[in-house]
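There is one chain below, alone, in structure tokens, taken in the form predicted on its own.
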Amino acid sequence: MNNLLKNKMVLSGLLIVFFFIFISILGPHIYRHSPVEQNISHRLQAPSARYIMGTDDLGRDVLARVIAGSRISLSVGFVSVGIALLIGVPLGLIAGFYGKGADRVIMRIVDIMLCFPTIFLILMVIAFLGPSIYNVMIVIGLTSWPGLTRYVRAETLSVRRREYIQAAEIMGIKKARILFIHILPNTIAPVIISAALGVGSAILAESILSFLGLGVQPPHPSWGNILTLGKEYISHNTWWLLVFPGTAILMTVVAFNLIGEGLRDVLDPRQRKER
């Protein structure tokens, strides 16, 4: 833990993430403005003392919508990564530990999934299921597990060759116990690193989908659909509709990438030495 807190990348990323978690939970109680309340007489107003981040085309408070959007973006990131972990970790363990037929089947499925661009798969599935926040969470999770499976499989193959695993097998310890008690804890490092990086990727994917109109649907706010409004009214010089949600997306994605890279340095010294 001390090494993690001494790592500047991890610390910087955690501070930004905690800031967004704070505003997503307590922001609506501190800044008591509705993100969906319309006031046409105040439409497209620039940032001011009354509207700190300005208003949109329906006179809605952009700061209130950015705060509400943070809750949606973080929820999508954490839930979709959770789904990917539930699928990817067990499959990677099974493929690496049992090998043979199980490994071939699982890795062929992974190879097929990785042949298609992730965003293309997401767009294709969303087109069939329809756009909604729950579908976005599920689809991003279901398309994010292949890379995680490969990491866990590689780590499992490495751990399985160690002497204490071979000794446990000779002693007749059940394979399930070896897998979950001895091998799984040793694959935690790449899982944590991949999860941290995956949250940032999921938030970015949700923003892209919402920007394209296939994610969170109005009047519910998300950073992506606020950007869509900014694009539509860019000729009106409504820079605040682009700058503020865009900055929020950038900061959040960079924060999780910093955490992931910092965790890689702390938890996986081998890669640090290689670099």
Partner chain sequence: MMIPVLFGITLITFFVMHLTPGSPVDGLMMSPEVDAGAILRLRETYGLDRPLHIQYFSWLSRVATLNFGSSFRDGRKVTLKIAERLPATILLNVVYLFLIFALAIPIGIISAVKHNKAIDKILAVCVFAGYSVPAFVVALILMMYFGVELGWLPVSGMVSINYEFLPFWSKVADIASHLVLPAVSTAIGGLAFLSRYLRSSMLEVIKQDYIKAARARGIPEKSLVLVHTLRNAFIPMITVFGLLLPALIGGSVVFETIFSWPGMGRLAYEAIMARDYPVVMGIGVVMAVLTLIGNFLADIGYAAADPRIRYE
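Positions refer to the first chain, counted from 1. All of these numbers come straight from a predicted model, not from anything done at the bench.
Beyond the structure shown, there is the form predicted in complex with its partner chain, which is absent from this document and is the topic of what follows.
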Candidate site 18, 156 and 165: all three near its partner chain in the predicted bound form by heavy atom within 4.5 Å: no
46, 212, 36, 58 - the one with a heavy atom within 4.5 Å of its partner chain in the predicted bound form: 212
Listed range touching its partner chain, judged in the predicted bound form by heavy atoms within 4.5 Å, from 27-35, 64-72, 47-55, 246-254: 246-254
Its partner chain contact at residue 138 in the predicted bound form, heavy atom, 4.5 Å: no
Contact test in the predicted bound form: residue 180 vs its partner chain, heavy atoms, 4.5 Å: no
Its partner chain contact in the predicted bound form: residue 120, any heavy atom under 4.5 Å: yes
4.5 Å heavy atom contact, residue 41 to its partner chain in the predicted bound form: no
Residues within 4.5 Å of its partner chain in the predicted bound form, restricted to 111-131 and counted by heavy atom: 111, 112, 113, 114, 115, 116, 117, 119, 120, 121, 123, 124, 125, 127, 128, 129
